[in-house]
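A single chain, nothing else alongside it, follows as structure tokens in the form predicted alone.
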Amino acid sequence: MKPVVSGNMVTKPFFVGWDPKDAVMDDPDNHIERYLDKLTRMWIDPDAAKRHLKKKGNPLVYEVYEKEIPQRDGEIQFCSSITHPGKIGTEYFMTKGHFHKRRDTAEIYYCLKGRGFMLMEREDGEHYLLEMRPGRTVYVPGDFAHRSINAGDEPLISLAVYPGDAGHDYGSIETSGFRYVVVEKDGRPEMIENPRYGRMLE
């Protein structure tokens, strides 16, 4: 059953089903897909991204399934977030990452499948890297930009829940990037400083 929306109010309860194996919603209002060709400037080595496109094609890096919930205080937004496995050079596949437009709003991610990390960073440089694994919930406080990173060999799948009026600010991350990134070194994930921080659009 779809939600019944009248003006800015959800007037009836609703349910959404999805298979936790693949996190595909039965009846999503939006299915967002992010392919590599639209994300080449996101990586610490954009040339490696371009080489990947020429030699290996245009992979789906991550996708989101969501319902349309009114974007207002008192509502709760939720989505299934799927980050696929892969690397560009030594850097793992990841989401673009974002702040919330209303910076003081928090978010939780409940990991259903896969293995990876949640990278979080405030504008003053405070940062955290928390492991994501099935059954673990990661709490992202307000004022932190955040991105999911897949460090495994299967999709990293999470249920994300956040306030209805949180909104998304992708532009700040597209311009500056994160101060730190996660790469594979000697077969293991390692967080390093981003050599392109502050100039991701160059």
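Each residue number is its position in the shown sequence, starting from 1. If you're wondering where the values come from, they're calculated on a predicted model, not measured in any experiment. Here the rigid core means the biggest group of C-alpha atoms that line up within 1.5 Å when the two forms are laid on top of each other.
Just so it is clear, the following notes concern the form predicted in complex with D-sorbitol-6-phosphate, a form of the same protein that is not shown.
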Open item on the list: Between R122, K96, K87, R102, only one gets a heavy atom within 4.5 angstroms of D-sorbitol-6-phosphate in the predicted complex; which residue is that?
Closed with: K96
Open item on the list: Can you work out which of V64, A49, I44, V138 has a heavy atom no more than 4.5 Å from D-sorbitol-6-phosphate in the predicted complex?
Closed with: V64
Task: Whether C79, E107 and Y170 all lie within 4.5 angstroms of D-sorbitol-6-phosphate in the predicted complex by heavy atom - done: yes
- [ ] Can you check 154 to 162, 130 to 138, 23 to 31, 51 to 59 and let me know which stretch has heavy atoms within 4.5 Å of D-sorbitol-6-phosphate in the predicted complex?
- [x] 154 to 162
Task: V182 C-alpha moves between the shown form and the other one by 2 Å or more, core aligned - done: no
